[in-house]
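There is one chain below, alone, in structure tokens, taken in the form predicted on its own.
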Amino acid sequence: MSKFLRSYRFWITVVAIAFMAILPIKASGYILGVLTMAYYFGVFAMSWDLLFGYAGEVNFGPTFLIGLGAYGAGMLNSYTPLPMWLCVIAGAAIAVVGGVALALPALRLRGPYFGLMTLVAVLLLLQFIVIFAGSTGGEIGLAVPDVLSISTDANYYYALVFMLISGGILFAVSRSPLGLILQATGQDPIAAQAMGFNITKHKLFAFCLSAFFSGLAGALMIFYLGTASVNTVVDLAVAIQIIIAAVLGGRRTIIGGALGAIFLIVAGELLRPIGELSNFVVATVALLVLLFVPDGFLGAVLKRRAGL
């Protein structure tokens, strides 16, 4: 423990958290709003990295889980007398149930078929939202009666604390014996099975944990925005952004997903004055990083420190 407290990683983390904590003192409401969204996307990316980086399963449809949590919480808040925080918990639970329903048949598949099934799940959810527009709000979106707070600072701290807690839990899981088993099953499932590990059971747990934090983040985000919309929580473009963020940050690092998400969201906002060209610039940077730094930002740093 004392060795960890003296490590550079610990002090870098402390300084970074301290900087983020005092940021509202000087930053404008606009900057805090951008970072608030970035923190929620950070949780999305970290949750995705647990499943891909460790369990080795490429989930092309992270927004299926996010959408279940967001729309589940939003509809409960709109059509029932349940308090907002209970709706948030229920939204996360709905995401887990939906994740299990998807994972049980999907995990029986091998190769690209798992990813394709998760992609189809997103398309089905999109169609469901459009078909039942009377209840879901359709493409216009579903306005929710309650919001987390009307204070920009409060919303910022909600998102920051949530990202830190989620990241801490996911990181701890990734470094636990379970994380090592997941890593083994992801790298060589045949060898892991020969050693007596139940591959399906461990991957299902990873999927459930990813679904829980994705759904919880989705539910909290719509109560920050005040509405649940397809373009925000379900659209395939959002899924691609989450995947790119996780890979940019560094596969199998968990925390790298948050760094990648913050980079993408902030870069997109800084380049907004150049219009549609901003998406091209961000995509080009992402492509260059993937080509020349395949381990991602944090992955490359950790690899260099390890002398590999």
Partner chain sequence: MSLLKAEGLSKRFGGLVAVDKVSFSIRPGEILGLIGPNGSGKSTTMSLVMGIVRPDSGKVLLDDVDITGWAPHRIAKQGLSIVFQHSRPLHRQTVLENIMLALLPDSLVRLIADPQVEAKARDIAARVGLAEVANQLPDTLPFADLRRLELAKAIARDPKVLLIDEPFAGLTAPEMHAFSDLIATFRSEGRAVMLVDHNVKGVRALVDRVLAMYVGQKIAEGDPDEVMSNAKVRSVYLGGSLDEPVIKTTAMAVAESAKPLLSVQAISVHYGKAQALDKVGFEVHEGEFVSIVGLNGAGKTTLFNAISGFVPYGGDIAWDGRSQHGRTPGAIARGGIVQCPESRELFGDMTVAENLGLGGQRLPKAELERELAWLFELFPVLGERRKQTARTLSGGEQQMLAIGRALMMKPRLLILDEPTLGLAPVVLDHISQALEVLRKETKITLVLGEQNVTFALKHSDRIYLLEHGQIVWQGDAPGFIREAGERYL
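Numbering follows the first chain given and starts at 1. Just so it is clear, the model here is predicted, and its values are computed rather than measured.
Beyond the structure shown, there is the form predicted in complex with the partner chain, which is absent from this document and is the topic of what follows.
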query: Is the gap between Pro81 and the partner chain in the predicted bound form 4.5 Å or less for some heavy atom pair?
result: no
Give a yes/no on whether Phe197 approaches the partner chain to within 4.5 Å in the predicted bound form, heavy atoms considered. yes
Inset, instruction - Classify Leu178 as contacting or not contacting the partner chain in the predicted bound form by the rule of any non-hydrogen atom within 4.5 angstroms, answering yes or no. - result: yes
_Residue-level question: is Met75 within 4.5 Å of the partner chain in the predicted bound form, judged on heavy atoms?_
no
Residue within 4.5 Å of the partner chain in the predicted bound form by heavy atom, from Leu86, Val100, Ile165, Ala191, is Ala191
When the partner chain is considered in the predicted bound form, the residues of 236-264 having a heavy atom within 4.5 Å of it are Arg251, Arg252, Thr253
